[in-house]
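Below you'll find only one chain, the form predicted on its own, shown as structure tokens.
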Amino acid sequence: MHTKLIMEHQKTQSIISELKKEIKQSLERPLFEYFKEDPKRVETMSVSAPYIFADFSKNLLSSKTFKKLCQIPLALQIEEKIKNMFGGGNVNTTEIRPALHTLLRKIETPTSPSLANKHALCMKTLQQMESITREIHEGKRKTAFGERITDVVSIGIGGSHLGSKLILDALRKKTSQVNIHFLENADQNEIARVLHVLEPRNTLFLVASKSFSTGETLLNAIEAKKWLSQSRPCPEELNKSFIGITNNSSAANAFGISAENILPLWDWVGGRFSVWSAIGLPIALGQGMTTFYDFLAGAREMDDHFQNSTVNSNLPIILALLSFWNHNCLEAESYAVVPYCDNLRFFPSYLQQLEMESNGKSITLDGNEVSYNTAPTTWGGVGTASQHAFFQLIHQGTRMIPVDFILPLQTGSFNQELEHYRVANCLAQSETLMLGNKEKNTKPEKRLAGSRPSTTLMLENLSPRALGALLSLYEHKTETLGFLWNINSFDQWGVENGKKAATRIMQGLNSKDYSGHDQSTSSLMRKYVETMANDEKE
């Protein structure tokens, strides 16, 4: 394995060496000139995938350079790596396990016995989700108080939270009588805000935690139980007001959730890839199980595109190559994601976790430190509001910041003037980033350099299938970048170490023992405890 990886790395470096001349030209040459010399540039540098059309012609590279970039996945045998991932290979090398989130949305039973067994578990869980959704919608499932469920609070954080929140907000049109709420931070202010408008007698809590040991989630679940217990009379079986979604059923049992109220989440599904599992139950409860199945179907169509398309027409691979080009060749440090639709306002936050938690790594698969940059900083916001916030930096700042524009064409709005305004502003930003503003009579402070790269992704609509395809697209882009960088996209040891450190500090705060920490942390711990003590005296 070690020898093979070294050979692959050398092949990549050879191609990058050939690209060095193009890198220099790309940074010095106005982007619009590429369009002048290549009348078919847009045709060559755009691609259609399920529900999505992507125009990447406004990136800083010639069509010739793009063809050379497409040699990198071939040199690294990306197709074999993709096949290995879909086939259940242990691509999560540090935890010796597969990453089979794609199996969650597969219909056909796999031929491999191991995958077939796992697929059967997926199908069984979907049936459980369907049964729970139907019972709640029909009023047959009651809370611990014997009342109909009108509100569901999903308690989770990160991957157990962001996907469902994004999709429910994107769909918006209410199709059930159940209201979905999200509780993420272990913060009294957020807990009070969420619970303030709810009635204990009609509220069901979903506790979503793969390990059932995530600090924020457990603390919020305990607060939820306290909140229910304050009702008079308080039922003995509070369990009926909770559903657990976890890979640690014994811990959920210990918390007080009975086996029939626990849905599984397996160790071969990473948290940030888990919205397709029982973690997506809020989507089913808020929008119906048919919507959830359509959501899976859209992702599955993108899976098929990713597995079966050639490199130069494979949208996930193309997005990964563009990121590789912008960040490893042109040395951009970050990129912005700007959806021109309020329904996708949580999409940048979703991508922040997906991309930076997956690829924020500095160790290769063979245990060596990388000699190149990996994940760029992912950030962004909604257009057109972003134009009045950070777009000044993108247009005239000293850093090159590539942009992904996400543009749904049909949003359900019937106000044509507002829709035209939304679309016009999106297209105007990408055009201005490319062309700039350098007329002779323009004052220096008003000049825009132009040649700022961007990619525009047009979604047909905001249907569940289109949204499933969008999330699947960026999952596969992220995985491909991991393959290109020779890193493990499926672990997150930095996060795990942070959790352990927080546990130690929590113990120190409770015991007033500040030893075992650096001087700064010990001082801050003492400052906090002393301030709290003074507040109690007052």
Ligand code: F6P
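What you see is a predicted model, and the numbers here were worked out from it, not measured in a lab. Start at 1 and count along the sequence shown; that's the residue number.
There is another form of this protein, the form predicted together with 6-O-phosphono-beta-D-fructofuranose, and it is not shown here; the text below is about that form.
- Across the proposed site, Lys361, Thr364 and Thr374 without exception lack any heavy atom within 4.5 Å of 6-O-phosphono-beta-D-fructofuranose in the predicted bound form.
- Although the partner is absent from this view, Asn59 stays clear of 6-O-phosphono-beta-D-fructofuranose in the predicted bound form, with no non-hydrogen atom inside 4.5 angstroms.
- Put simply, Ala501 is far from 6-O-phosphono-beta-D-fructofuranose in the predicted bound form: not one heavy atom of it is within 4.5 Å.
- Not displayed here, 6-O-phosphono-beta-D-fructofuranose is kept clear of Arg452 by more than 4.5 Å at the level of heavy atoms in the predicted bound form.
- For His305, no non-hydrogen atom is located within 4.5 Å of 6-O-phosphono-beta-D-fructofuranose in the predicted bound form, even though that partner is not displayed.
- Among the residues Gly271, Pro316, Pro408, Gly298, the one placing a heavy atom within 4.5 Å of 6-O-phosphono-beta-D-fructofuranose in the predicted bound form is Gly271.
- Interface residue among Gly381, Gly158, Gly89, Gly288, judged by heavy atoms within 4.5 Å of 6-O-phosphono-beta-D-fructofuranose in the predicted bound form: Gly158.
- Only one of 507 to 515, 489 to 497, 23 to 31, 37 to 45 lies within 4.5 Å of 6-O-phosphono-beta-D-fructofuranose in the predicted bound form by heavy atoms, and it is 489 to 497.
- Of the residues in 333 to 357, those that come within 4.5 Å of 6-O-phosphono-beta-D-fructofuranose in the predicted bound form through at least one heavy atom are, in sequence order, Gln353, Glu357.
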